[in-house]
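Next up: just one chain, as structure tokens, the form predicted alone.
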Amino acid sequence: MNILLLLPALILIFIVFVIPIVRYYWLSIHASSVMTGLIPVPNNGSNWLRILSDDRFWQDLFQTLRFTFTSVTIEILLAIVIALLLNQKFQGRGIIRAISLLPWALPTTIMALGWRWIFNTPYGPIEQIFTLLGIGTINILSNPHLAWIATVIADVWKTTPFIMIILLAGLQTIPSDLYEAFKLEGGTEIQSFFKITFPLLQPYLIISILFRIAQAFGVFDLIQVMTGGGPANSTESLGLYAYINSMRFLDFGYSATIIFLTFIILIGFCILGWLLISQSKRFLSSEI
């Protein structure tokens, strides 16, 4: 009976998840490009040999990892602080909670256009402020060392509310009696966070981090709108590189190889992240 109840969900997962992944793998072992008339032709794994020597792929992998690690780390830390603040009782709390969700509710494309204007040279407000301070223009989106930071800032602004609302829901499940009893035993607020809040919030943290790792690692629209992968491919992600190979070069076999390998790497990082977070509770409990 339980299997029958889950059957519709399993069928849906199979259609929208398993079939595309299998299709990507099948394409990854075929040549399917303009050279083959867009007809898949077995190529004995030459796509996989090509990707091993593709410097642009490994550069994009590094840039994607850098973007993912930086943005997710900042988002988690900010979300914890904001969730703790919004969990307090104060006047107008409901309105502030609703307003705090607006960045997440905005379409990514619209949000990215807004941030591209904010960092625009010379008309954006950031550049205007630097000019007024006498620093001069710094060409943020034209600087390979600064452009990726701009994309991280935009991503943090957009997705921190997503993590915050999950953590806020987790905080509201923690009974207040636990804090009162811990305080009577002489515990401080900092100790209560590590002894009560963090352990009980851990399942929500795991869900949030895994969701955000998957989303950040597959970033495409934010990068495409803000920088187009530039300057000099310094902000190009794996998702954007796969898109360029398929839609610009019409090399669907190699694009599928990039996507499938990205999927494998993402699964590995999600498993590693889950294991590290699961062990953090024991580590913090022994240290505090």
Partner chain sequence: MSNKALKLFFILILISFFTSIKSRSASFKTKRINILMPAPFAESTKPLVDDFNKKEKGLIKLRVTKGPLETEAVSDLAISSLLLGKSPFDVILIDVTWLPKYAAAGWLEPMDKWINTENWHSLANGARLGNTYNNQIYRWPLVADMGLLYWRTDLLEKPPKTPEELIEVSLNLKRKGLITYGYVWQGRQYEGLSCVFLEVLNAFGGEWLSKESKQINLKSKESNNAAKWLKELITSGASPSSVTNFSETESLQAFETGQAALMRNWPYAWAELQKETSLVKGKVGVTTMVSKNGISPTATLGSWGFSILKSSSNKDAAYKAIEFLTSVESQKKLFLINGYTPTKKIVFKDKELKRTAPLITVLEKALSISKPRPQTPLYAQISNVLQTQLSTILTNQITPEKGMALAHEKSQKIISSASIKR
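Positions refer to the first chain, counted from 1. A quick note: this is a predicted structure, and the numbers were derived from the prediction, not measured.
Below, we turn to the form predicted together with its partner chain, even though it does not appear here.
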- [ ] Quick one: from 136, 125, 94, 144, grab the residue that has a heavy atom within 4.5 Å of its partner chain in the model of the complex.
- [x] 144
TODO: State yes or no: in the model of the complex, is some non-hydrogen atom of residue 250 no more than 4.5 angstroms from a non-hydrogen atom of its partner chain?
DONE: yes
Task: Proximity of residue 260 to its partner chain in the model of the complex, heavy atoms at 4.5 Å - done: no
Open item on the list: in the model of the complex, is there a heavy atom of its partner chain that lies within 4.5 Å of any heavy atom of residue 233, even though the partner is absent here?
Closed with: yes
TODO: Answer with yes or no whether residue 67 is in contact with its partner chain in the model of the complex, where contact means some heavy atom within 4.5 Å.
DONE: no
Open item on the list: Only one of 205 to 213, 144 to 152, 163 to 171, 128 to 136 has heavy atoms within 4.5 Å of its partner chain in the model of the complex; I'd like to know which.
Closed with: 144 to 152
Task: in the model of the complex: members of 44 to 74 within 4.5 Å of its partner chain, any heavy atom - done: 47, 50, 53, 55, 56
